[in-house]
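So this first bit is one chain, no partners, the form predicted alone, shown in structure tokens.
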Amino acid sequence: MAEKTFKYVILGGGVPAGYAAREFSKQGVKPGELAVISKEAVAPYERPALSKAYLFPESPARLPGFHTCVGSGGERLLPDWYKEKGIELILSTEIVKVDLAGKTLVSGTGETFKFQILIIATGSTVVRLSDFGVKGADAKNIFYLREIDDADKPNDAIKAKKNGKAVIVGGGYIGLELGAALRINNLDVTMVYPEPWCMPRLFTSGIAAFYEGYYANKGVKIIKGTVASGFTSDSNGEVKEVHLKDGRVLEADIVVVGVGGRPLTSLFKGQVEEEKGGIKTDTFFKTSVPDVYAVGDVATFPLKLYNELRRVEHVDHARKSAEQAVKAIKASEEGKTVEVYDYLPYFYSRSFDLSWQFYGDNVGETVLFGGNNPTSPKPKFGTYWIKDGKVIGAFLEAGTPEENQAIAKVAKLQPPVEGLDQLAKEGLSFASKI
């Protein structure tokens, strides 16, 4: 098969690919120098849309509406944009073999791609229940969500199983966002997760109590402290029951599983240094292999603010790390330097009429402020995390843009605080005066 050669190759077609391509264009990449290789059939898009607006019954998100870089308020990069810029979009192409030292990629159909500089942007893959040998987990209408093809399947099932029963397995981002989307579609929704409260990696029990109460008021049933241990299906092979480890059995027409992801690093095993489950990089996202960079979910990078190596799975970091890598590549070619990556961890979510943002680090003691009564017509509350006498993290539900900027500033500057009582009393005003 013919061999193709490019100066730059972005491997992966998710969020970072679109932002890296845009940055290359800004930096003056020449036609024919850059290729984006993706196993998906569509140009890079804003992945968060899949668990938020894609399943809405009214005005659902559809491509081309959420191609990158619209998620950060930028221009939508449609397939024609790549053509105009001379960037080759190589879609529906899965790379199955990588030789980093030999600067070669090989696809499943035997195509060979040579590169001078590679950006690894392979992202994550979903953790599947079949990975744990859960009985019946291959039944029809059990769904996972990672790519656009994944989102079309539950969309069809929602229409086919109108007013049916849905079970969400998992209480994290995907579980909460899809639980809301399915309820909005008038399905009877039950969420199941093993932890004592939802979003345990980020939420305190006080934060979680609000969202669990809010969801319950919307008609979503929540079962905590157990897991799905098996599924039974009907004569058509469609799921009909979810068996829980505690012995309960739930009827189900649709099951959506959101139990985490794993960074896609297997192609590079033994070829590049790894740490904390990802590919180890420096502050410019350079790996241990010359001319190879890693960005987004797969990168374990130096987080300057906390002086430690971290891997961050979030769209905000996916965008910013991609831009940083490209700036570093182009600066290096010109004998210049770029500033170190000074990232402030940021997470957000939207579901029902709710919208929260979090900045910083969620370790240390916590202070809850505001009104977190789930029955309130306009709930607004937040939480600060305090470590070594300083506020290092801040969460806010229903913040205005200015208020969200204020809590971001607090998390970045880490101001000292006299005592927890003062912080609880001042609440949001503490952030507003920093």
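Being a predicted model, the structure only gives us computed values, none of them experimental. Residue positions are given as counts along the sequence shown, with the first one as 1.
Another form exists, predicted together with a small molecule; not displayed. Remarks below refer to it.
Heavy atoms within 4.5 Å of the small molecule in the predicted complex belong, among the stretches 197-205, 324-332, 233-241, 280-288, to residues of 197-205.
Shown without its partner, this chain lists V255, I174, V292, L187 as candidates; in the predicted complex, only I174 has a non-hydrogen atom within 4.5 angstroms of the small molecule.
The contact residue chosen from G213, G219, G260, G74 relative to the small molecule in the predicted complex is G260, the criterion being a non-hydrogen atom within 4.5 angstroms.
Although the partner is absent from this view, G360 stays clear of the small molecule in the predicted complex, with no non-hydrogen atom inside 4.5 angstroms. Contact annotation: V169 falls within 4.5 Å of the small molecule in the predicted complex, judged by heavy atom distances. At least one heavy atom of E313 is located within 4.5 Å of the small molecule in the predicted complex. The closest non-hydrogen atom of Y306 lies beyond 4.5 Å of the small molecule in the predicted complex.
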